[in-house]
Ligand code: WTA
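We begin with a single chain expressed as structure tokens, specifically the form predicted alone.
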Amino acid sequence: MDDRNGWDQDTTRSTGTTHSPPQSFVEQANVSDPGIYEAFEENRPACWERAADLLSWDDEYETVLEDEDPPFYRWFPDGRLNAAYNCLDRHLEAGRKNHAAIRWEGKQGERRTYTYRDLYVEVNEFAAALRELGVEEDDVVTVYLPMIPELPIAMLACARIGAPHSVVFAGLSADALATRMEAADSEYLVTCDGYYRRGDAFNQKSKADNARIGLEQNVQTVVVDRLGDDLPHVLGEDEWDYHELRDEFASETVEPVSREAEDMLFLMYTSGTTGEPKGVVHATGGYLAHVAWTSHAVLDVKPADTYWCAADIGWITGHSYIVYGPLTLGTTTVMYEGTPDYPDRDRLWEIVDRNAVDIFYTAPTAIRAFMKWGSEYPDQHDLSSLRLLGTVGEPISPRPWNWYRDTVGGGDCPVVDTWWQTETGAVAISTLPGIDDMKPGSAGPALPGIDVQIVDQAGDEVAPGEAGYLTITRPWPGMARTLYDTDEQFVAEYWRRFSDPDTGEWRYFSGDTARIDEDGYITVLGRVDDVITVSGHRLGTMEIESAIADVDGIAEAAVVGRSNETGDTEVYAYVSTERNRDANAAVRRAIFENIESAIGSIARPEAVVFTPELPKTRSGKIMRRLLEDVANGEELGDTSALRNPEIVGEIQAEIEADGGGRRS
């Protein structure tokens, strides 16, 4: 294709064989009428009432969408509700108090089950405790906890009293915590003494203490004792023990605060283009309606299910699809504190087997790791309870998609490949599993009620098969309302590029590149800034990585740019093979051939470096910045966020031993 859109690559590569959902799944699916797409299109914005109807409202809304001040859209603005009531109280009132709400699996093999009654009691007690500490409506409470039950309890306690929560991923540093608390002007912190990392006690409170030192505001801190005698700790001034504080309010109940639908439910910080984290604001009514609807329609969640989203609540996926979506629908949601390979590589499948999990939702990064480890691990367990599989977090190429469906799903489990972002709040692109065919490698069409267009630099729609910018042309309920304390940046970063305020045309710019086929199925190619410019040609790293991953025996790959002696940029590929597959010259040649066939010779890597694994953060993301430093022989940046920092040295040694993996 030509480069008028900023790409120079063949984007017509097939996404793989099309699969239809089995009739047995269609017959039981929550949504199975193909007419839903037309119904949403012909009746917008009132079509979103079916999402709002999944909630209980204190005051019913009269207006679905208020759009007089775009892009600051307001959903169900005259309605009132409480998120904690929707996740807890109404299920008790419906006679389901003894139904399991959360099944928690600890890193050391601990297990806890919370019924909806148990969760209701503990949330109320902690809500009362927070009020005693001085938390009032609209105060931002920062939560800095690992994957332990006290994390969703704290979130729901905040929601109950009308205090927005700001969850900070437990693996982030003290500086990152301080930056987020300062930006939110948060004076309340819920943290813990520590947590286990591969069996070792890790001190979380020391990071929280260091963060507090750098803050101007006085901070009231609640500390959960997670480790007991394994990591003794001392409470200082303005610090309280979580369990002792809760015990003071044993059996107390707190009336849920009725919130306007547009009141902030939570604040979530995500990476920003300026280097400073952005505080994404999500409102109560629209967000809750959207996550409930997509949990119901895309993930096919039913109250009787045991559902497991294997993400971390510290990120938006955990907010939407571990806590608010499933609990709003009254299902059983599984929480797991550990990693997929500890104490052994069958840990996840053992949990699926023992809990008879119906729906499993995880990231392509994890799936590629499962492939690499081998099918013998899932084969050790009975996974026949699984009814639906899902992927989230990044695009998934056909090979791992098919492995996931065949090995984990038994060959006939529908797979929903979902695209969405922190800013969209909930799934925006995916197949509806009870209606749509699946195309491995393609996320699917935009969901009913969401209008996605792939456009060129001028904002004009591109032809099918061409790459372009992924935009959303009309508002949707789960959308971010603004960035905390910076409406101007919100407009500039997400809306200004492809909008024309003079004509009233407002278009959300996702920052992702994608292509769309003749059937309206969208394949996401990666971030706009995930490109390498080689001899003036802009190459998408995701496209190259997908071509490498499609080679038989490859588990995963990461591609970066390397500056050579003349100052030009070369493609540098780091590749991890599947278990029991040798990394040799034949595999390297196959990689080169597949890239040339799928994209073109311009994308052929200057080097392919084989490595046992790729450097990843504790949330499972590949740290490409470090790989770029290694490729360019530069001083390494901060490695504290890595869960496997030792691999960087191994990669450097491999490059030296292999002559840099240069082209043959």
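Keep in mind the model is a prediction, meaning the values are calculated, not measured. Residue positions are given as counts along the sequence shown, with the first one as 1.
Although it is not shown, the form predicted together with the named molecule is what the next lines describe.
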| property | result |
| --- | --- |
| is_contact(Y521, the named molecule) in the predicted complex, heavy atom dist at most 4.5 Å | no |
| Distance check, P149 to the named molecule in the predicted complex, heavy atom within 4.5 Å | no |
| 4.5 Å heavy atom contact, G393 to the named molecule in the predicted complex | yes |
| Contact of T422 with the named molecule in the predicted complex (heavy atom, 4.5 Å) | yes |
| Options 110-118, 290-298, 125-133, 316-324; stretch whose heavy atom lies within 4.5 Å of the named molecule in the predicted complex | 316-324 |
| In the predicted complex, the residue from D512, D89, D341, E570 that sits within 4.5 Å of the named molecule by heavy atoms | D512 |
| Single option in E105, D417, E545, D305 placed near the named molecule in the predicted complex, where near means a heavy atom within 4.5 Å | D417 |
